[in-house]
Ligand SMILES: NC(=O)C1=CN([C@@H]2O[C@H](COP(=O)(O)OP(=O)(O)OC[C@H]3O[C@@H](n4cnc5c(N)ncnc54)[C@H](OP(=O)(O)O)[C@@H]3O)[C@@H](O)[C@H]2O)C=CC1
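Shown below, as structure tokens, is a lone chain in the form predicted on its own; questions about how it binds or moves come after it.
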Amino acid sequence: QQNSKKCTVIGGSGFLGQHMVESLLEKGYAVNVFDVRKGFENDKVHFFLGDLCNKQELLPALQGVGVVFHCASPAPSSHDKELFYRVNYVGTKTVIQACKEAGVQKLVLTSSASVIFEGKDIKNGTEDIPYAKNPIDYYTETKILQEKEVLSSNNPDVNFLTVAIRPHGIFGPRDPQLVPILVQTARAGKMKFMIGDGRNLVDFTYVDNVVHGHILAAENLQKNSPICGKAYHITNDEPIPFWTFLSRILISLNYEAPKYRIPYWVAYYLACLVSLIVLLLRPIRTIKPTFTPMRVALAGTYHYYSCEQAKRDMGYRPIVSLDEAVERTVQSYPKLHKIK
């Protein structure tokens, strides 16, 4: 009764989710979307609205479905600890239970490569690096809990197979985070400085490549496949200096690239100082600084990952190059171009 070409995208109204839905429809899948809101109009898609922590609301969206893609996520920038825990951890446990009850065979989780990042350099990081003991933020802490939950529920004996995809630095058309926040920062005149020597390589991954990795994983998730119960890094396979990438986007949108450099350790201590001041002022007023130790670490360290394992186990290759990806992304934001 399970239809291998019928799937549900949990979080299908989000940035990654919408791209996932479009790609699945193109590949001939029948698609259900489960989300808290209806993010777009499409007659081919069955929408189910509800809270993913509520199993009774989830179940109808999973009937007769062979594959579930779980990519629901609160915005990491929302700073809402309660929400991160609820959606990433409690919600995921509910998803697993609901999948098992509905007889879904395959669960593909959108995790994050940051689950192994501790704010120190990672060069060509492989999947055998252990989970971060000191994750860079609480959001990542809940992503670790989530990934462990999904991978440990993999059980071929009861025909329930799971895999986790760990993208890094997702960007592309309609992305609500990277490009709009970058432009906002540039408009406010806060993009004058780069942190570190500008050499640190980072992965930025085009959304279509991330989607491609998820669908390959779903199609390769068979009983005796090596991918069962494992996590996979999915990247563009073209690490690029962090500041080169940001500058490329800014220049394409007619903004100036950062000109000045701050040594990494200076930036880091300044950010720690700012955090301390914020902490001391908290009884009087709440400040949300843009300049945090975590952001300094993300901007000034090497963190790029190997996708050799995905190449070997599921034949992954990026389908859109970084140059093409930047071009498509910039074109998709006509309103963000600075008029010269």
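One-based numbering along the sequence shown. Since this is a predicted model, take the numbers as computed values, not measurements.
We do not show the form predicted together with this ligand, though everything after this point is about it.
Peer 1: Can you work out whether residue 288 and this ligand are in contact in the predicted complex, taking contact to mean some heavy atom pair no more than 4.5 Å apart?
Peer 2: No.
Peer 1: Using 4.5 Å between non-hydrogen atoms, is residue 51 touching this ligand in the predicted complex?
Peer 2: Close contact exists here: in the predicted complex, residue 51 approaches this ligand to within 4.5 Å, heavy atoms only.
Peer 1: Decide whether residue 153 counts as a contact residue for this ligand in the predicted complex under a heavy atom distance cut-off of 4.5 Å.
Peer 2: Output for residue 153 is no: heavy atoms all beyond 4.5 Å of this ligand.
Peer 1: Can you check whether residue 167 is within 4.5 Å of this ligand in the predicted complex, heavy atom basis?
Peer 2: Although this ligand is absent here, residue 167 would touch it in the predicted complex, with heavy atoms inside 4.5 Å.
Peer 1: With the partner left out here, if you bring back this ligand in the predicted complex, are 37, 74 and 139 all within 4.5 Å of it by some heavy atom?
Peer 2: Looking in the predicted complex, the three residues 37, 74 and 139 all sit within 4.5 Å of this ligand (heavy atoms).
Peer 1: Only one of 92, 110, 209, 162 comes within 4.5 Å of this ligand in the predicted complex by heavy atoms, so just point that one out.
Peer 2: The residue from 92, 110, 209, 162 that makes the contact is 110.
Peer 1: Within 4.5 Å of this ligand in the predicted complex, heavy atoms considered, which of 222, 177, 97, 254?
Peer 2: In short, 177.
Peer 1: Can you tell me which of 99-107, 168-176, 266-274, 123-131 lies within 4.5 Å of this ligand in the predicted complex, counting heavy atoms only?
Peer 2: Heavy atoms within 4.5 Å of this ligand in the predicted complex occur in 168-176.
Peer 1: Counting only heavy atoms, which residues in 10-31 are within 4.5 Å of this ligand in the predicted complex?
Peer 2: Read in sequence order, the residues that approach this ligand (within 4.5 Å, in the predicted complex) are 11, 13, 14, 15, 16, 17.
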